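Below you will find one chain, with nothing else, as structure tokens; this is the form predicted on its own, and questions on how it binds or moves follow later.
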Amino acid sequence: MSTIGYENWAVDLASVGAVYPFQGSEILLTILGVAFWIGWHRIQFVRESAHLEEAQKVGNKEKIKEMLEMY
């Protein structure tokens, strides 16, 4: 697969422009990736905390153990 139309890569690489798509947007993509990563962990933390609080309210040790085995 070529994004620039070359079918033969035996060329002078100094004359070749972009060799991969979205060149120049690495910083934006990095910021989006880190934001997604942090957001995913935040959502996971909130959901797990809700499950653990629900498990604490049950009061039955067997049910608590069963709910905690999910993690």
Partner chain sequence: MEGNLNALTTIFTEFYYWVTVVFMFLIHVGFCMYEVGASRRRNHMHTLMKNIMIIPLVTVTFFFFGWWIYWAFPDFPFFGGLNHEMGNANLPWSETMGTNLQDRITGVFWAAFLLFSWTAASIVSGSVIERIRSSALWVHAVLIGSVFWIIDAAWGWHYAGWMVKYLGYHDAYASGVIHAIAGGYALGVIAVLGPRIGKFAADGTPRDIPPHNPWMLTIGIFLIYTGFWGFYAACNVPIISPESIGGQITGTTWTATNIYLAPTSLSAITFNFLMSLSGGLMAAYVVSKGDAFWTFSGGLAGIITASAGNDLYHPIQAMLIAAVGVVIVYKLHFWVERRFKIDDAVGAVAVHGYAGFVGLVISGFVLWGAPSSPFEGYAAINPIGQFLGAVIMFFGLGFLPGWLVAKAQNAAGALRVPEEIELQGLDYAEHHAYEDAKAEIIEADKAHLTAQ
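Bear in mind that the values here come from a model prediction, so they are computed numbers and not experimental data. Only the largest set of C-alpha atoms that superpose within 1.5 Å between the two forms is called the rigid core. Numbering follows the first chain given and starts at 1.
Unshown form predicted together with its partner chain; subsequent notes refer to it.
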Answer yes if any heavy atom of G33 is within 4.5 Å of a heavy atom of its partner chain in the model of the complex; otherwise answer no.
yes
Determine whether any heavy atom of Y20 comes within 4.5 Å of a heavy atom of its partner chain in the model of the complex, and answer yes or no.
yes
My question is simply whether A14 lines the interface with its partner chain in the model of the complex - judged by any non-hydrogen atom within 4.5 Å.
yes
Listed by sequence position, which residues of 42 to 56 have a non-hydrogen atom within 4.5 angstroms of its partner chain in the model of the complex?
Q44, F45, E48, S49, H51, L52, E54, A55, Q56
So with the core overlaid, does the Cα of G17 end up 2 Å or more away between the shown form and the other one?
yes
